[in-house]
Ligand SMILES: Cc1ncc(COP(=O)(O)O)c(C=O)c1O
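As structure tokens, one chain now follows by itself in the form predicted alone.
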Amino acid sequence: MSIHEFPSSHARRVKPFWTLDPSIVYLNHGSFGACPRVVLEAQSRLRERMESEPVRFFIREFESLQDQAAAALAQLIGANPNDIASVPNATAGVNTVLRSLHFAPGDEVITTNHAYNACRNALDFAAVSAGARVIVAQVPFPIASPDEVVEAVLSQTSPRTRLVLVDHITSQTGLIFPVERLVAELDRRGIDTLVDGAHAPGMVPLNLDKLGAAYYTGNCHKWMCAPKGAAFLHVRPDRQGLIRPLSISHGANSPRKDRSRFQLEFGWTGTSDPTPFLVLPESIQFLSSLLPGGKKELAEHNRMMALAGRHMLCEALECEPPAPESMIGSLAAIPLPDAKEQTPSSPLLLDVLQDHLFFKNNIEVPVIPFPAPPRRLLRISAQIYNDADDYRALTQALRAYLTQTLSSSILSDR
């Protein structure tokens, strides 16, 4: 479907549901999400309840509220709520697993060149500390087929492979990896998989029980539109005895018999604000209400918008789509001409073009170094509050910037 065929009525209707700055063309839902007003209001009410009598809230009410939120999440992701732990973000989920497994000298752990930098750092830290070896499977981009992901990962396995860390949906390149095939084949080889599903909940259908990965972690603040600080770690029952929370707290020596050790340890890791996770039922209900077909129709709408926006950008840049449509969800990345300069202004913002689009054109969209500078990608997001005009504005601003940059480069070379 052409982006011109998308009605803007959905975006006009739902934009007031978010608190996003109306002066900004916001095409970066994927980085931090955006929490709707109704969910923020529910969180505010819950915070007021917590602060009105903290002892009552934490000691008498919290566990029940946590169980309700876990049950709602479990239904969405196809899991048993007893196998779900609340964590603040997917990076914490990855760290939790890696810090629990205690690799040995000679062990090998595999990831891909598309791994999220924070999680790659966690993997390096855990492996190097134990004398284990990190092997990076090279998945091409542009990519022709999911088969290339499977072949790249499986070709690196050996009898020494202890674990594979793989993204469900890659952050930099916005690709849906074939995790079902990978988990099944790795399991046949006796290798556990840790799936970094940071972007998956709310973007693609999930059935974690059917997937069968030993470990799966996902964010709820991105495509589920929950408040920041809501994420989960799902651990297969036969692996729960191996995994301990990053903060060992009261559950470690609890005499209770009504809950598993996994639940007791992760259920309380110290005082914090638990409201982001506790309002998951509200965020799930909100997403379900936006379109007649509920969350399924919303995900498909966003996917079609991402594909149409990608098509518009590829036409403007005169390039072919770098990945098949089957590997695209609500994110899409397009290669850009190499950067001429790099002026890092924060650990998360690396390219002058991103600042240019924001300060000169009021467009928020990430420009990502991949696979390494000066190579870079532009990654668009598609959420229901976006419409064709957003991608049109980006295309025009990008074309003007690149034309100006090219002209300046030609003049400087004379």
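Not measured: the values here are computed from a predicted model. Numbering starts at 1 and follows the sequence shown.
FYI, the form predicted together with this ligand isn't displayed, but the following is about it.
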In contact with this ligand in the predicted bound form (heavy atoms, 4.5 Å), from 207 to 215, 245 to 253, 166 to 174, 128 to 136, is stretch 166 to 174
Among Cys119, Leu186, Leu233, Val149, just one has a heavy atom within 4.5 Å of this ligand in the predicted bound form, namely Cys119
This ligand in the predicted bound form has a heavy atom of only one listed residue within 4.5 Å, and of Asn89, Asn113, Thr161, Gln240 that residue is Asn89
query: Should Arg310 be classed as touching this ligand in the predicted bound form when contacts are defined as heavy atoms within 4.5 Å?
result: no
With heavy atoms only and a cut-off of 4.5 Å, decide whether Asn219 touches this ligand in the predicted bound form.
yes
Worksheet item: Heavy atoms within 4.5 Å of this ligand in the predicted bound form: does Ser44 have any?
Response: no
query = With the partner left out of view, is Ala198 within 4.5 angstroms of this ligand in the predicted bound form by any non-hydrogen atom?
reply = yes
